[in-house]
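One chain comes next, on its own, written out as structure tokens in the form predicted on its own.
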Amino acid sequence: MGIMDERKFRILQAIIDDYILTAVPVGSRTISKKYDMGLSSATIRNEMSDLEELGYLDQPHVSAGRIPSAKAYRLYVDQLLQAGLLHSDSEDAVRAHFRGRRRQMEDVIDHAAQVLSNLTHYTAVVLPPTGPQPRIRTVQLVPVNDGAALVVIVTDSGIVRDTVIRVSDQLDSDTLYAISKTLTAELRGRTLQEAVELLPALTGRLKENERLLQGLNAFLNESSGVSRPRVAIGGRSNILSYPEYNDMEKARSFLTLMETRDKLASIIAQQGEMAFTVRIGPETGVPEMADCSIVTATYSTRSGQQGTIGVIGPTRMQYSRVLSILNTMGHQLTELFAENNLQEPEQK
């Protein structure tokens, strides 16, 4: 059995590149014809035999060709990361999608997942920033019709919460604006849970607005409570276009996992300060993803919270392209939040 030298690695890289494009097991004649290595088919065949013994190639029982193993993809990705990310034609497309867009954070997260899936043709998952509990920046009440008002709460992380609550028929826009100023002054800098605890103290000052306070209290309780993780998914069925997932049972298991958002969030969430995480096949630790790779990157908000963007695809993923796109999108999201370029309700 040989060792991994430069020639073996060039042959392995060619096999991986070819298999990524075709999903067809690769033979020595294919490598000899398509890739100018100056090597005979016999030499390539011998090197492929060594690569198989080293654990970098597998041979499907129905084919004379070889396919890369998870170990091969790991070596390939590690070399990519060591060499640095290549420029992708999609980088300009990523920037174009976000340039000049003023959105609420939820809109940005949903949009990012869709853009990421469109550009990679894989399944994209985006998690919103996590960190310290967001603190209230403003509370605004806007009349909707007699007896109803829209309450909008903006937090320091850019997240906007809104709902319609019942109020007294006597409250006009000027009165609601004055109440908004009082609530903002009293609740600014507080977490949603702290705001719930402070509301009873405001009853005396706003006693004629009991219905409004009841609606606000219910809304704050709901918003501050523990809920299922918010996960934006783009192209959840994209994986079905790859032959690896022609098996109906395998496809069903994958799609079921896509619906289990709390589990999906825990799988995707990237911990620590690493710029990228690449988990290949069994490295995912998830049976439903034994034939998948998960590539994730992080982005940050101006308050230091960290979110995750990720791509799920077959192990024969176009890693170089995916890493480049994730790198660009991570920078774009970080710049977007750093510039505070999110659409927020304006105070009167």
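Computed from a predicted structure; not experimentally measured. Don't overthink the numbering: it's just position in the shown sequence, from 1.
The following text describes the form predicted in complex with the DNA, which does not appear among the structures shown.
The candidate site formed by 265, 268 and 296 is entirely out of contact with the DNA in the predicted complex, as no residue has a non-hydrogen atom within 4.5 angstroms of it.
Scanning 43, 303, 284, 320 against the DNA in the predicted complex with a 4.5 Å heavy atom cut-off leaves one residue, 43. The partner is not drawn, yet in the predicted complex one stretch among 311 to 319, 288 to 296, 23 to 31, 275 to 283 has residues with heavy atoms inside 4.5 Å of the DNA: 23 to 31. Contact annotation: residue 69 falls outside 4.5 Å of the DNA in the predicted complex, judged by heavy atom distances. Though the partner is left out of this view, residue 7 does reach within 4.5 Å of the DNA in the predicted complex, counting heavy atoms only. Mapping the unseen interface onto this chain, residue 65 counts among the residues with a heavy atom inside 4.5 Å of the DNA in the predicted complex.
Although the partner is absent here, residue 39 lies within 4.5 Å of the DNA in the predicted complex, judged by heavy atoms.
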